[in-house]
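In the block that follows, a single chain appears as C-alpha cells, in the form predicted on its own.
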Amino acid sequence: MGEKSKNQISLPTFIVWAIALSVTAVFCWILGDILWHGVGQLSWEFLTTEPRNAGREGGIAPILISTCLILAVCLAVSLPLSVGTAVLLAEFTTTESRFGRLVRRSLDVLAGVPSIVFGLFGNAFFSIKLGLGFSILSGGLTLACMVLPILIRSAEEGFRAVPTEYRLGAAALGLSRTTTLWKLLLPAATPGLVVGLVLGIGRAIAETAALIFTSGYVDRMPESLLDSGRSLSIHIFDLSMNVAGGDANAYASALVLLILLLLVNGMATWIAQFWLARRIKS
C-alpha cells in the first residue's frame, strides 16, 4: 500500500507540472518560430547598416543604437531611485506605518497600470511640459517610471529577507548605519536586486506602446539623447503591421531583440555577482 502511494502523483502536483510544461512548450514554439524565420536574415550587414525601403531592406544599426540608449537612460535613472526608496521602506519605516503602507500600495497600483497610460503621461510631462519632445531622453525617463515599482518592491523584499542578526551584530560592533547598509545589507540583498533588475529590463527593452508617444518613430542614427529614436520593439511592430513585405526583417529584428535581452540580463547578473564577490573579499 505504501509503495503504491509513493508511485502515485497527486492532483496538485500533476496540475503544477502540466502548467509548467505548457508554458515551456509555448515558449519553445515562439522561440522556434522566430529562429526558423529570422536566422536566415541575420548577418553582420544587417546589424551595421541603416534600414532602406521603409525597413524592407538594409539593417537595424540606428534602431539598435537607439534601443541601447533608451535602456541606458532608463537604468541610470531607475536604479539609484529604486535602491534608495527600497532602503527607506525596508530599513527606516515599519510595515505598520501609514507612510510605508501608502507608498507600497501606490507602487502595487503603478505596477499594474497599462503601458499606454505611462506613454500618455510621458508624452504630456516629459515631451510637452518639460520640452524634451519626441526623444530618446523622453522614452528612457518614461520607461524608468514604468520599471520603478518592480525594482523598488523587489529590492525592498531583498532587504527584508536579510536576517535581523546581521543588523544586531553590526550594532553590537558599533558600525554606523551607512557602513551596515553598504558592507552587510546591500551584498546580502543582491539576489533580490538582480531579480528586480532582470524583470525591469525585460519589461523596458520590449516596450512598445509607451515609446510610440515619447521616443518616436524616426529610424535614423541618433546624434544625442534629445534626438528621436526608434526602438527595436517599435521597429518590429511597424514592419509587421504597416509595411507590406517587411515580415522577414521583422523576424530578424525580433531575434536580435531576444539576443539583446539575454545579453543584457546575463551581463547584469555577472556584474552583480562580480561586485558581490569583491565586497565579500574586501
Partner chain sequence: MTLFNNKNLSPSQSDLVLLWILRGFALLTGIIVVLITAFLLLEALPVLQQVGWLRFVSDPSWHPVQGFYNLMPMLWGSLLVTLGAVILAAPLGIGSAIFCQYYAPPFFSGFYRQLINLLAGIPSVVYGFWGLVVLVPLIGKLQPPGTSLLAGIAILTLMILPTIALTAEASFSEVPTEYFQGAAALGISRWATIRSVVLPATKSGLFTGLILGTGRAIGETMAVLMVCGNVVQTPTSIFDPIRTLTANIALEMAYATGNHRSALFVSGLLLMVAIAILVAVAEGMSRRNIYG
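Computed from a predicted model, the values in this text were never measured in an experiment. Numbering follows the first chain given and starts at 1. Only the largest set of C-alpha atoms that superpose within 1.5 Å between the two forms is called the rigid core.
Beyond what is shown, the protein has a form predicted in complex with its partner chain; the following relates to that form.
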Inset, instruction - State yes or no: in the predicted bound form, is some non-hydrogen atom of Trp17 no more than 4.5 angstroms from a non-hydrogen atom of its partner chain? - result: yes
Legend entry - Contact test in the predicted bound form: Leu258 vs its partner chain, heavy atoms, 4.5 Å: yes
Inset, instruction - Could you confirm whether Asp33 comes within 4.5 Å of its partner chain in the predicted bound form, counting heavy atoms only? - result: yes
Inset, instruction - Find out whether any non-hydrogen atom of Ser240 is located within 4.5 angstroms of its partner chain in the predicted bound form, and reply yes or no. - result: yes
Legend entry - Candidate stretches 222 to 230, 248 to 256, 45 to 53, 65 to 73 - the one whose heavy atoms come within 4.5 Å of its partner chain in the predicted bound form: 248 to 256
Legend entry - Contact set, 122 to 154 vs its partner chain in the predicted bound form - heavy atom within 4.5 angstroms: Asn123, Ala124, Phe125, Ile128, Lys129, Cys145, Leu148, Ile152
Inset, instruction - Please say whether, between this form and the one not shown, the C-alpha of Ile65 moves by 2 Å or more once the core is aligned. - result: no
Legend entry - Core-aligned CA displacement of Cys28 at least 2 Å between this form and the one not shown: yes
